[in-house]
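Single chain ahead, written as structure tokens, the form predicted alone.
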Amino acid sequence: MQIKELAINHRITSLLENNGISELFPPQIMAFETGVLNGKNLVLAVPTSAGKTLVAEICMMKAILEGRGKALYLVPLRSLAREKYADFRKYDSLGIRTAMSVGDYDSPGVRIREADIIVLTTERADSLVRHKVEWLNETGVIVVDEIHLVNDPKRGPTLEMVLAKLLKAIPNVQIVALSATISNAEDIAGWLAAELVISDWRPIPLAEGVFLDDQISFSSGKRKIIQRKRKEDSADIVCDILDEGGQALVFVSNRKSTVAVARRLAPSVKPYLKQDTQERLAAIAKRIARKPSAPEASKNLGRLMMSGVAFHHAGLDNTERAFVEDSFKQNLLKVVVATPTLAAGINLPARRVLIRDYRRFEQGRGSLPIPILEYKQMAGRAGRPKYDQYGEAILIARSEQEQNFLTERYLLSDPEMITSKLASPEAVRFHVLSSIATEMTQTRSEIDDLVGKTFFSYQFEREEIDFHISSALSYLEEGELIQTDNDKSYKATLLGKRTSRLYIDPSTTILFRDALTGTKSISQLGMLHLICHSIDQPTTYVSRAEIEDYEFFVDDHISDFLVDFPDSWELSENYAEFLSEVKTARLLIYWISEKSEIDMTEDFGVGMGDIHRYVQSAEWLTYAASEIAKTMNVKHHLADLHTLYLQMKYGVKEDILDLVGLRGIGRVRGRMLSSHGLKTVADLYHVAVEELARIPTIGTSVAESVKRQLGIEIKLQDQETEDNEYVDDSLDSIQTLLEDFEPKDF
């Protein structure tokens, strides 16, 4: 079927044809035959690259151009949001405006309200509901990408609750839900009152096999001999596909393995690089590792990329991940070794996917086989549309018994059924408070009605969730976040409303409130540990080799801590968590003390991506603490909290906060200005632009920008010196990396 045959505006079909899309895939034809273009709900459960997104795009375009309202596109990950935002910008030529918002949970989204397509993370969509944003009622269609993640214990409850809230607030909105192939897609369709399309069709055929004794045995019965020339199975399996001109993704279970395996593969892969490819990769590697303070991990990444191999995990910062992903898409990198998180993120296919590790260690449970659905997500990355005629997903066995197990479990079995994960105390109290604070629900029956729209309510009997609702209401009332009128109606207190809008767990508010009202002064370490003690702050872990060091650190700062210490007898689980909180708080002290990237990554054994995540969360929670202090009228903490918030935001000591508030002045430039006697904005106002430009790391363009920000008209000057070009063209230290990482509304 040709795309021009669809009953949609010819401007849409013309644009898509100009982008090389003229024929519809079989699952797409099936989807459009359901009446989805006429406003019916749809669940589309098909493999990766089978055209799910195009169906959603056409539904969004039709709804917008027919005046049925805006389109919300919900995604689970920020990286996926950025990818979709960039992709949807192709509709600009139709006069359709696209916006993205993935953070700033205390904002009503004013900057995105005029857009037609709004790409949101699930959490950001939930925060907009909490702000009672009126323009949400103008939504005509909601697209939910990766809806099978209702099965995820962390993301799932918010996904189903935000859908329940949106369905209650916008009763006639159309839902288009996109999913990987799952065993019980009919449950999702039943929950959403949607038409269901299931297909295992792929534009690039996928062959799944298990490697053992020099050959791959495919589920189809075919076999392929792998020439053994190297010490490791992985290297021979990878190079076999490189011999055919393909690329490979290798999935391993943890970060250390990504680096170790990439190193072992590098000597075998490098001979496949052409001279011009080597030169381009060398230029990229130089950009990654050229800063004097670059962590050793960044230098390792750069060196490996010069061999055509890279590692990819959550410890990389945004810039490094972008370099790796773009280089692989451009076929500069031949192999990427990744943790499974890549499989659920952006579109990065390869001709051959090698799943080296099918077992993963889980705390308290040991080493366990990964779920079939997770394997299918990784295997689904095999086969590059427009480049490959086929894709292969390969597991490695070390015995015939293991080969049989892998074949039965992963190649021949259907993915697990997905189930709601809403029935948890934290999730229920978090969302019940939100519904009361927004006045979406005011009575128990209204709360029950809202929960009745969830996937949990569709799948299970209500006894368990009823217990959690009752417990949540008691918890919120005892914590003075809600008030009740003889259990007949509920109303959020001022603190409860602020908690909901700040998008933090009720327990975090209670923790902060009790600490801030219970003491006259709090040290920075004490406040940062309090933040790390909250349920909302991610923390790193303490290795056995570090335990003694952190026990001494605790003893030296015992008066700073605001929470009772757990019992350390035989290193209990609670005590281990406490030391992890202390370590993360210490890392944050490094951040606001202007420690270098290399110091932070090496002293704490984390990547810059981890540091960004810890800092970004702590910045938000510091802001939340100050808002709680305002709500409670605890004025004596406000100045210190505001200073700590700014230090966390900019990553600097207190003395240069005045400088780093200027655009283009990060921690490196701010410190350089201070060391040259320019310690305040007033100092910058009076210094001559020529003198300012001569300061190392500043240069003419930055000097002129600073002067303009101060309201001073200046004439164009000569170009900056070659010595300054490095810094002006660089990322200007960790601060700019963080600014790049910090989500904005577009």
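For clarity, every value in this text was computed on a predicted model and none was experimentally measured. Residue positions are given as counts along the sequence shown, with the first one as 1.
One more form of this protein should be noted, the form predicted in complex with a small molecule, which is absent from this view; the next part is about it.
When contacts are judged by a 4.5 Å heavy atom cut-off, Arg384 counts as touching the small molecule in the predicted complex. Looking at Gly699, you'd find every heavy atom of it more than 4.5 angstroms from the small molecule in the predicted complex. A residue is said to contact a partner when one of its heavy atoms sits within 4.5 Å of a partner heavy atom; Arg513 fails this definition for the small molecule in the predicted complex, lying far away. Within this chain, Glu208 is remote from the site of the small molecule in the predicted complex, having no heavy atom within 4.5 Å. Contact with the small molecule in the predicted complex holds for none of Gly479, Ala492 and Gly518, as no heavy atom of theirs lies within 4.5 Å. Heavy atoms within 4.5 Å of the small molecule in the predicted complex are found in one stretch of 675-683, 62-70, 691-699, 23-31, which is 23-31. Of the listed positions (Asn347, Ser217, Asn184, Asn300), a single one reaches within 4.5 angstroms of the small molecule by any non-hydrogen atom in the predicted complex, namely Asn347.
Taking Glu627, Glu392, Glu146, Asp126 one by one, only a single residue has any non-hydrogen atom within 4.5 Å of the small molecule in the predicted complex, and it is Glu146.
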